[in-house]
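Starting off, we have a lone chain in the form predicted alone, written out as structure tokens.
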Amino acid sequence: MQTKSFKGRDFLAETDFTREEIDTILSVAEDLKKDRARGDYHDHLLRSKTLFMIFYNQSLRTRNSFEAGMTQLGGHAHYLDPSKIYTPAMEGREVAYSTERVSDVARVLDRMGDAIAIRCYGDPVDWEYGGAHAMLEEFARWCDIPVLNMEDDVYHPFQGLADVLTVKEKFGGFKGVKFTMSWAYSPSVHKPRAVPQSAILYAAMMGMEVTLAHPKGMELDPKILTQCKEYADAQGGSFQVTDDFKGAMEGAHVVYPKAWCATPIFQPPVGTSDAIETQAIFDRHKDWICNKEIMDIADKNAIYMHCLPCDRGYEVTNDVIDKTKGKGWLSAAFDEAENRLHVQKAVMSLVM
């Protein structure tokens, strides 16, 4: 277990951390979760410390899990709406009297608090793939306190942590677990790639047998796929990509179907032709929905996972996501949502 490698570090991408370090974070999360179950307080860990949260995008789980987490650790989280401050902008994107350069915002908040957490993807960077992650890296470059990635256009590292903690709880470990991350249909085409990319990165890093399923036109970042293959080889797992939705689900222990946007959406500027092309790709695959038939071809004790919010009736049917009790396969989506709280507390307690 690593014990000295976290203080002051940014948490921008899971790829910045070793398998051993991720194991440590999961172990700390389990301890903090046990404390909460027993009613034991741990509000001494970040007493009087401040987390600044900048949300360029809306949030339910992320905002509330970070705010609740900071309260439980003894600190305080400040919610910052970019439209209510001078919106932090990269050099060359400033607009007089409505924005403020990232370097300036970072250095001011650095003097006042103990960490900065940021969510940014899509419209704020004109859907330029990697633009939001570059902004987070720019924040990190200009301040000494940790910068935490609450989801950008490449990675969602905290969601991925919650995913693997949930798998560990349900199966007791990772070896031999068949993890299927699949695209699913949604009428909304504007969905970033961050969740599926972090999900497969973590699953491969932990040595699971990982399958990525999607129709043609829904490809993920080639660099992410290469990293998954490297993780799988190093950890004794496997990684494969397929366009066979049902085939990918056969015997799966983890069934994780979620929509993400098609490749054309990342060719800015986002125009009418891109939206039409993307919608056409989506509409050809309305049968990519997680229903009872799909769960029945998975392992008999499989779990359904989703980062939420899910598009009910499109990505998943009610009888799947709401089946949290009984025999056979079950939905773990709400356990997964709760685990956001515990993994985020673990990271904050380690880096802050």
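Heads up: residue numbers just count along the shown sequence, starting at 1. No experiment lies behind these values; they were computed from the predicted model shown.
We do not show the form predicted in complex with ligand CP, though everything after this point is about it.
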Proximity to ligand CP in the predicted complex, single hit among Thr278, Ser182, Gln159, Gln197 (heavy atom within 4.5 Å): Gln159
Residue stretch of 323-331, 41-49, 307-315, 291-299 approaching ligand CP in the predicted complex, non-hydrogen atom distance within 4.5 Å: 307-315
In the predicted complex, Ala68 touching ligand CP (heavy atom, 4.5 Å): no
Proximity of Ser27 to ligand CP in the predicted complex, heavy atoms at 4.5 Å: no
4.5 Å heavy atom contact, Arg119 to ligand CP in the predicted complex: yes
Distance check, His285 to ligand CP in the predicted complex, heavy atom within 4.5 Å: no
Contact set, 312-344 vs ligand CP in the predicted complex - heavy atom within 4.5 angstroms: Arg340
